[in-house]
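Heads up, the chain below is alone and in the form predicted on its own; it's given as structure tokens.
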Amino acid sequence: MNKEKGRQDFAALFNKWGIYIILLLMMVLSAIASPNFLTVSNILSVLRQSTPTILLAFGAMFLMISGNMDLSVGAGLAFSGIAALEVYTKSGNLMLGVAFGIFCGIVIGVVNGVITAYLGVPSFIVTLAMDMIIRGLIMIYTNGQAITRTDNFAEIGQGYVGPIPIPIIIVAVTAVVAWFILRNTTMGRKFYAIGGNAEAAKAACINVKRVIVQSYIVSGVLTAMAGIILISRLNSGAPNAGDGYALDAIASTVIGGSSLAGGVGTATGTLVGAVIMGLISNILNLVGVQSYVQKVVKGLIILAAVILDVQSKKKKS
């Protein structure tokens, strides 16, 4: 009896603090594997490079909590970033370029949300098709060539405020806002409600369809921000930018404690999950693991995270 209680206590402790323990262990192992890991420049580099994934993970978190997903964020990232860059280079107005990029993200989010919520098409199918459509539009517009006339657009992704990179400041502000929305707003409570039980949410007079569209709009804004930062950091509007980022974002969110079944997720957990994904890439790069091997490792991590999520839900049931 005592052994069983001990196992239950350990399981409860790990469920609450496990992700933070994993993050700490990874940092220790990284420091052992490479003496360069704990340098300030490397830590800032990891966080800066992880910024697009972190922002996409926050968007995926809002969608997962409301019971949906978006596989088109990689393409949406590229489209919004390139659109922002093009408007900036033609107008010379950085704020106008950023605003237009975010507008593009919102439009993509609205289209995904409306088709999912009002036409009843599963979000998996809608966003998979949207990914192909957007990638095709990007290739048509750019003719498959990268846009390299970036001028001062690179300051967004490469600039600093004092000693702190601008992308890290954006992530910090986003994390606080995401936490506040989920913990202290009616919108956040509605996301949890429809993801936990859509029928009960309807009975409570929540407009489920409108809330789903709202969750896609939030994701669209975050996707556009990620695209603007990535394009400006790379100093190039590459048509294939963001390729593979959708799965990284979903994996980060699941690792952070969000459930694919909906109704579960936190901003702090998502942030830590995305940082863990960034650390994995950094560690593999530091020890010289080849890029195609890294894809295998990330695929296994995604598979393991989903299996753990499914098994956890079965135990609760």
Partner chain sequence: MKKIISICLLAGMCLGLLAGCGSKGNDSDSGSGEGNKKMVYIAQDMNDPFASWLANSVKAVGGENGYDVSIMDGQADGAKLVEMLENAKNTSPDIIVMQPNPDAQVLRTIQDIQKNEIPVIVVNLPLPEDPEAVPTVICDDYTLGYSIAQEAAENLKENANVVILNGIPGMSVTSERRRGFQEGLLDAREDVTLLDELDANFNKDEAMDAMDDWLQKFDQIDGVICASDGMALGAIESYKSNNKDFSGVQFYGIDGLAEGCLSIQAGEEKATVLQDAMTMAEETIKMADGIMDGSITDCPTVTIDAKVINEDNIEEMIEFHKKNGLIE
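Residue numbers count along the first chain shown, from 1. None of the values given here were measured: they were computed from a predicted structure. Here, rigid core means the biggest group of C-alpha atoms that superpose within 1.5 Å across both forms.
Below: the form predicted in complex with its partner chain, not depicted.
In summary, the region of this chain contacting its partner chain in the predicted complex, judged by heavy atoms within 4.5 Å and restricted to 54-62, 287-295, 269-277, 22-30, corresponds to 287-295.
At a distance threshold of 4.5 angstroms between non-hydrogen atoms, Gly92 is out of contact with its partner chain in the predicted complex.
Proximity of Tyr160 to its partner chain in the predicted complex: non-hydrogen atoms within 4.5 Å are present.
Contact annotation: Leu230 falls within 4.5 Å of its partner chain in the predicted complex, judged by heavy atom distances. Residue contact with its partner chain in the predicted complex: Ser259 places no heavy atom within 4.5 Å of it. This chain lacks the partner; the member of Asn152, Thr185, Asn207, Thr148 within 4.5 angstroms of its partner chain in the predicted complex by a non-hydrogen atom is Thr148. Between its partner chain and the residues Ile115, Ile217, Ala175, Ala198, the one pair within 4.5 Å by heavy atoms in the predicted complex involves Ile115. Residues are counted as partner-facing when one of their heavy atoms sits within 4.5 Å of its partner chain in the predicted complex; in 218-241 these are Leu230, Arg233, Leu234, Asn235, Ser236, Asn240, in sequence order. Superposition on the rigid core between this form and the one not shown places the CA atom of Ser45 less than 2 Å from its counterpart.
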